[in-house]
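Here's a solo chain for you in structure tokens, the form predicted on its own.
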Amino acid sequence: MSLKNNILDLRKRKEKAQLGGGEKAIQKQVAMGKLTARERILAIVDEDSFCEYDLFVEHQGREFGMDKKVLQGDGVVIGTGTIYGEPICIYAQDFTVAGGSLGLMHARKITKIMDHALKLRVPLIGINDSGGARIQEGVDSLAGYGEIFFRNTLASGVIPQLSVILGPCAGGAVYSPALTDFVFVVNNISKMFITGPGVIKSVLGEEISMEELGGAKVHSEINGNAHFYAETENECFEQIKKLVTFIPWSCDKKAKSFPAKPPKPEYKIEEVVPEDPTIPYDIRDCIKCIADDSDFFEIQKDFAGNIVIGFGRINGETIGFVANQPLVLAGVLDCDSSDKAARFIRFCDAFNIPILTLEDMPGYLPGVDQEHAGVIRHGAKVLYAYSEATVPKITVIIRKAYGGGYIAMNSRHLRADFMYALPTAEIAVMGPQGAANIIFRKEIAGAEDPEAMRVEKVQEYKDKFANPYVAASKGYIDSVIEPEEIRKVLIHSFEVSKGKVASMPKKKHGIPPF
């Protein structure tokens, strides 16, 4: 065969392989409001940057008639490309081919690109759209998942791993996304669950829809498995592309610097924080008073709203923000918010991203429900994450910092590098009202006017304890600053912290309160 004919033959083979499950299957995919596997990849990477591998891989199943079936590419597309000129590794399961089911060669394609990502020290993006394990291949399918999970764990903390759920992701398949750093879901498209509605009905006799069981809103609002929620696939891809501008390509690097921009003039922290300490406010507005161009990229926005986490820049450098949200439960720490904050802190520490903590909270959430849910164990995760982190760590106390919450939110005692407080800060074992009622209960009960005495004693407690100057006098606070000074002070603090070196005791690894 001539070279020309060989080339023509190659083109035909490629064209056929790239059709996946064929025109009818593709039309069905489109009818569900979904893009094809290759369309998804091309929407994420830079134009003309995608290079595909293993296009002609064939499945190895021989039982139950599988030897007579041709599964193009074995239902998954893998390759490399660039985002904003920087290399990444990516794979996308192709639902048009055997429902994107995972067999031995399908898994080997995924693990090949995972190995490349780890070896090349570049981010890995996985697009999940699969009916799960290929039953006809038996234990080979289960082995394939195990190999993927193992690599997810090896790569954890070395390269960023992003999972995009754009279809079903069921059974054992859900654990790969759970092991990665960020999970993206899309409304009416993403479905993620351990057992499907049919199994639940047969076991428990309960009728439940896939959306109720494991739809995008369930994972972004209720259980916190998802970090980013979008209404459309294209919105999701824009979220991915924005996220990667804030993070480094591996643990060996730092995030890319950008030209510094001042916050937008409409954001002034002295106007955001109310004078009355009992009035709530949106802590995100405080972040926008500090961040370059008032640009804050929030993570897990719809889950555990009493804590706010996300990325912004200060003087052009990526910063991880952790902030109590007075608008929700007064900003207390509970089981979910503790998990949310601790995981984010560990990500920032693993990838050399300095952490800024904005504190305004009355402590841990009390109550039987929280105690039974394990608030002690969950709350300890925040203590562990902050204590373990060796990146630059700075805290600004905006208002309340009471009890164990004061310690947990990156206090000096957990080795914060710099601690600042506004004049409005209240630092104490508990709130002035409760403290006065305990300390001065005899004086209040015996007074002619108990209410007037209570007011007097509350003010006495505030003057003696619930202010930033007592902590500052002991060196626990480095400086009490005016609101308009915050950004200037933080720029200086992060700049001088760039060369920070922190040593930890030699050990194999710690044992966090999982």
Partner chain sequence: MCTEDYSEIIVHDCTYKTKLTTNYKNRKKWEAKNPNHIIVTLPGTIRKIEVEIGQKVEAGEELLILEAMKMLNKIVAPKSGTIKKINIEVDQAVPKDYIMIELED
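Positions refer to the first chain, counted from 1. Between two forms, the rigid core is defined as the largest C-alpha subset superposing within 1.5 Å. Predicted, not measured: the structure shown is a model, and the values here were computed from it.
Here the subject shifts to the form predicted in complex with the partner chain, a form of this protein not shown in this document.
Which of 145, 347, 193, 303 has a heavy atom within 4.5 Å of the partner chain in the predicted bound form? Checking each option against the partner chain in the predicted bound form, the one that comes within 4.5 Å is 303.
Contact residue in the predicted bound form, from 292, 140, 417, 221 (heavy atom within 4.5 Å of the partner chain): Selected option: 221.
Within 4.5 Å of the partner chain in the predicted bound form, all of 280, 430 and 437 (non-hydrogen atom): Checking in the predicted bound form: 280, 430 and 437 are all within 4.5 Å of the partner chain.
Please determine, with the chain shown alone, which of 406-414, 221-229, 96-104, 312-320 has non-hydrogen atoms within 4.5 Å of the partner chain in the predicted bound form. So the stretch in question is 221-229.
Whether residue 339 contacts the partner chain in the predicted bound form should be assessed with a 4.5 Å heavy atom distance threshold; does it? Output for residue 339 is no: heavy atoms all beyond 4.5 Å of the partner chain.
Whether residue 402 contacts the partner chain in the predicted bound form should be assessed with a 4.5 Å heavy atom distance threshold; does it? Looking in the predicted bound form, residue contacts with the partner chain include residue 402, since a heavy atom lies within 4.5 Å.
Under a 4.5 Å heavy atom criterion, is residue 369 part of the interface with the partner chain in the predicted bound form? Answer yes; at least one heavy atom of residue 369 falls within 4.5 Å of the partner chain in the predicted bound form.
Any of the heavy atoms of residue 166 lying within 4.5 Å of the partner chain in the predicted bound form? Residue-level check for residue 166: no, no contact with the partner chain.
Even though the chain is shown alone, can you say which residues of 310-337 have a heavy atom within 4.5 Å of the partner chain in the predicted bound form? Contacting residues: 326, 327, 328, 329, 330, 332, 336.
Core-aligned, is the CA shift for residue 451 between the shown form and the other one 2 angstroms or more? It does shift by 2 Å or more.
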